[in-house]
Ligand SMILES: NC(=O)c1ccc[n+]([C@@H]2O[C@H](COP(=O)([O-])OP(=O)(O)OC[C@H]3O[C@@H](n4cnc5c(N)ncnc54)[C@H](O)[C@@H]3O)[C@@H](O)[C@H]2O)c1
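Before any questions on binding or motion, here is one chain by itself as structure tokens, the form predicted alone.
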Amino acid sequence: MTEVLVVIGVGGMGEAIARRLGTGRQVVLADFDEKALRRVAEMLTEEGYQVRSQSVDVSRRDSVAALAEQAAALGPVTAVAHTAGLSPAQASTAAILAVDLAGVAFFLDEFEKVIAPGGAGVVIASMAGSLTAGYLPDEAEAALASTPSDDLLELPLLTASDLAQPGAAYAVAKRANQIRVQVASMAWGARGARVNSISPGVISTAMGRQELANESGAGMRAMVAASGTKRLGTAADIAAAAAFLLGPDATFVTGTDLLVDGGAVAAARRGGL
């Protein structure tokens, strides 16, 4: 039976992952933006990929559950990439928390039920989460780790005035992604599967370029300039990382975060800025 690759979010990273890993697999593409979903599905189909598309709202558990069930009906789900998300330049605090935080939690819950033995998943987090590590109180990290997914958005720490700005909400959501992947790795492991997160730096996708043009753009450019590579990342850089984590060379890697940022976080932490 043909193996199934599920890619949630068809932006630059999702498209690159589907193209890199979709050969010989049944590819299931999912997104909230039906126009973008149709465009990418048609393009990949024309290129010879075997593609199904499904509208999904990751902020709703029932929608994510329906996607997981439909993907599993097509064959063994051996690889899943969750790339959907909103950035501070795109959305309000409430929307960011609903999509970037709760949406990932629902994904980890629902795809753990259908991932095939030997399969693997990746979640796109962010270097913002890596920069936030160590700044959240221990009790906040513990709450983000252990609170049931349906109750996450009710946490007092997520309604605090400190998170009124979308940028702060985004950083906390992405740190939560890293933490919840660690916790989920045990449940996924019970099924003989793995799950990890990838934390991209400044990537030249449509979303990344929008952030560079926003008020935070100057700080982001400074981090790139101070980094060891001194360049923007590409969607292909992230697809390469996903290929490793989802592939046979990473069978001893689970519950961890792979920082793919060109050295920006290293520069920020060690005096390069």
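Quick caveat: nothing in here was measured; it's all calculated off a predicted structure. Heads up: residue numbers just count along the shown sequence, starting at 1.
There is another form of the same protein, the form predicted in complex with this ligand; it is not shown, and what comes next is about it.
Complete contact of Val10, Asp57 and Ala206 with this ligand in the predicted complex (any heavy atom, 4.5 Å): Yes, because Val10, Asp57 and Ala206 each have a heavy atom that approaches this ligand to within 4.5 Å in the predicted complex.
Any non-hydrogen atom of Ile124 within 4.5 angstroms of this ligand in the predicted complex: Ile124: yes, in contact with this ligand in the predicted complex.
is_contact(Phe111, this ligand) in the predicted complex, heavy atom dist at most 4.5 Å: No, Phe111 stays farther than 4.5 Å from this ligand in the predicted complex.
Non-hydrogen atom contact Phe32 with this ligand in the predicted complex at 4.5 angstroms: Result yes; Phe32 sits at the interface with this ligand in the predicted complex.
Distance check, Ala72 to this ligand in the predicted complex, heavy atom within 4.5 Å: No, no contact at 4.5 Å.
Selected contact from Ala89, Leu163, Val202, Ala143, since only one has a non-hydrogen atom within 4.5 angstroms of this ligand in the predicted complex: Among Ala89, Leu163, Val202, Ala143, a heavy atom within 4.5 Å of this ligand in the predicted complex occurs only for Val202.
Answer range among 240-248, 58-66, 45-53, 223-231 for contact with this ligand, defined in the predicted complex as heavy atoms within 4.5 Å: After filtering at 4.5 Å, what remains is 58-66.
Partner contacts in the predicted complex for 63-94 (non-hydrogen atom within 4.5 angstroms of this ligand): Sequence-ordered list: Thr83, Ala84, Gly85, Leu86, Gln90.
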